[in-house]
Structure formats: C-alpha cells, structure tokens
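In structure tokens, the next block holds one chain alone, the form predicted alone.
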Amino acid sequence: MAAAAASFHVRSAGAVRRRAVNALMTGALWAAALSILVLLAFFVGYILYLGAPAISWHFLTAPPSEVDAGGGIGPEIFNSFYILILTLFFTTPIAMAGGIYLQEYARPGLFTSAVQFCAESLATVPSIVMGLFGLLVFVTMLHWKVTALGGALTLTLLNLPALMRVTQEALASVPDAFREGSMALGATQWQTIRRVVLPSAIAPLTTGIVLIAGRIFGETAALIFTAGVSVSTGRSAYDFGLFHQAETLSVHLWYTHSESLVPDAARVGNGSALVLLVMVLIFNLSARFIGLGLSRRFMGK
C-alpha cells in the first residue's frame, strides 16, 4: 500500500509539473503572438498620428516642390504604380515559366542544379548592390540615364527568384493525384499543367504575386540609382514614357528626409510614409482576400 501511494504521489506530481509547463509555454506563445499585433498597431498608429495632418486632395495629386512649401506627391504615386506594372509585366512570365520548369519538368542533373544555384544566389543579392548593377548596365553602358524602364528591369532581376520560389511552392501544394488522374484520362503533361495544376494552385500563386507587388511598391535602394530622385522636368507629371525619370513614393520619402531643401520636409515625409504604409497594407490584405476568393471559385472551398 505504501509503495502504491508513493507511486501515485509521484505520478500526480509529474502531471502537475507537465500541466504547469504546458500552461507556461502556451502563455509564452500567446504573448509572442500578441506582441506582434501590439507592435503593428503601435507602428501604424504612430505613422497615422504623424502623417494624417498632411493628407489632403492637393497633397495626393499635386506635383512635388523643389524649394517651396506646399508640394504634393501625385507624380510619385503614379510612378510607383507605373514601375510596379512594368516590373510585374517583365517578372511574372519569366518567373512562372522558371518555376513551372523546375517543379514539373526538371530532372536531377547539372543544368537543374545550376538553375537552382543561380536563383538562390540572385535572391541573396542586396537591393543596393542590384541598384548599382542597374546603374552600371542600364544607366551607363546602355546610355539610358535614369529611366522608368531601367528601374523596372532592375526590380525584375531583384524579384525573379522570389516569384520563382512562390511558383514552385504553389505547384508543389497541388496533390500528385490530380496530375495522375489527368494523365490517366489521356491529357498530355502540358494540358495537365494548364488545365489542372495551375487552376488548382491559382490561390497561392495570386497571393504570392500580390505580396511581391507590395515589396516592389516599397522598394527604394535599387531605384535611387536607376529611376532617379526627381520627376522629369518640362514633361507631364503623369508620363507613360519608358525613358523618363520616375521618382517613386518610397524614393521620394528617402529624398525628403535626407536631401530635400523644402521647409515643410517633415510634413511631406510623414504624409508620404503614411500613404506608402497604407498602400502596402492594402496589397497584403488584397492578397488574402483575392487568394481566398480564387480558391473558393476554382477549388469549390
């Protein structure tokens, strides 16, 4: 009896310790998750507090001022979306084709290993180094000077590996049974990819593309050397030409806080930061909702 009682006491003490450790670790994980929400809320609230007084229709549509107060950020918002569209136009087909090849066609070998190594190496290049590369190639060697096209091509090189990896992971999430069922019905490999695999992976693909769009929208270092730190003088502020200076909102934010001579630089910088933050948050939220909607449409979820 004494031995049984002692054994029961030991088991009870062990169970209490396990429950205590479990409660402690659960609380720590909840605290870590909550801290992320608190930090995001504080960051957004602080930027909103600083930037909200600067926001007006004039500020969002007027061109910037070089020396006088009262300038806006209209051309910078336009250039941000313009370079974003150009970059996605170049990046998406190349990156998706590479991801499809690596996931669906590639077999282990020297060429596949070389492609993977090059993609991984390109992904580790800092954006400032990629900007210097764009300066040497597009600005100096090709004599384009600072242009929207040069900035878009530089961002294409910077974001190709990320979108290629997104494509691979999205295709890898499609069960092999889908491919086997399609081929068993007589479809070729390309028909299977086009009609079965890609529609099944459309939700993560779209989410990845929208998230990368947010990353492109907020890029600064690579564009300072390739797209310029001002809008083209003597031309329309909303210029669709490929070979004009195209200062984006993120570059304008950097320039305002570091180089600008306007007396209201703090107001312009804070307003620009708020607009940039709101746009990036919209990209992230859009990725979630678009991905969910496409998943329901194509997968019946």
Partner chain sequence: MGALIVYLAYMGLQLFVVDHVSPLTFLFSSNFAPDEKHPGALVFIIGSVTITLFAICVGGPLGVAVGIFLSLLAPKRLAGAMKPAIEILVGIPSVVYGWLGLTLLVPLVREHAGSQTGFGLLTAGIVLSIMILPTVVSLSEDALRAVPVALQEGSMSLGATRWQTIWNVLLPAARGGLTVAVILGIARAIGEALAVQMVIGNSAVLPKGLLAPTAALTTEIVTDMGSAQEGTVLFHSLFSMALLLLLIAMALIFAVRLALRRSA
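Positions refer to the first chain, counted from 1. Just so you know, these numbers come straight off a predicted model, no measurement behind them. Throughout, rigid core stands for the largest set of C-alpha atoms superposing within 1.5 Å between the two forms.
The discussion below concerns the form predicted in complex with the partner chain, not included here.
Peer 1: Select from the listed residues 224, 149, 174, 210 the one whose heavy atoms reach within 4.5 Å of the partner chain in the predicted complex.
Peer 2: Only one listed residue qualifies here, and that residue is 224.
Peer 1: Could you tell me which one of 97, 110, 118, 185 places a heavy atom within 4.5 Å of the partner chain in the predicted complex?
Peer 2: By the 4.5 Å heavy-atom cutoff, the listed residue in contact is 118.
Peer 1: Please determine whether residue 69 contacts the partner chain in the predicted complex, using a 4.5 Å cut-off between heavy atoms.
Peer 2: Heavy-atom contact with the partner chain at 4.5 Å: absent for residue 69.
Peer 1: Just to confirm, residue 133 within 4.5 Å of the partner chain in the predicted complex by heavy atoms?
Peer 2: Yes, residue 133 sits close enough to the partner chain in the predicted complex that at least one of its heavy atoms falls within 4.5 Å.
Peer 1: Heavy atoms within 4.5 Å of the partner chain in the predicted complex: does residue 230 have any?
Peer 2: The answer is no: residue 230 has no heavy atom within 4.5 Å of the partner chain.
Peer 1: Would you please decide whether residue 39 lies within 4.5 angstroms of the partner chain in the predicted complex, comparing each non-hydrogen atom pair?
Peer 2: Result yes; residue 39 sits at the interface with the partner chain in the predicted complex.
Peer 1: Heavy atoms within 4.5 Å of the partner chain in the predicted complex: which of the stretches 198-206, 97-105, 214-222, 78-86 has them?
Peer 2: Looking at the other structure, the answer is 214-222.
Peer 1: Only counting heavy atoms and a 4.5 Å limit, does any residue of 277-294 reach the partner chain in the predicted complex, and if so which ones?
Peer 2: Result: 277, 280, 281, 284, 288.
Peer 1: Hey, does residue 285 budge by 2 Å or more at the Cα between this form and the one not shown once the core is superposed?
Peer 2: No.
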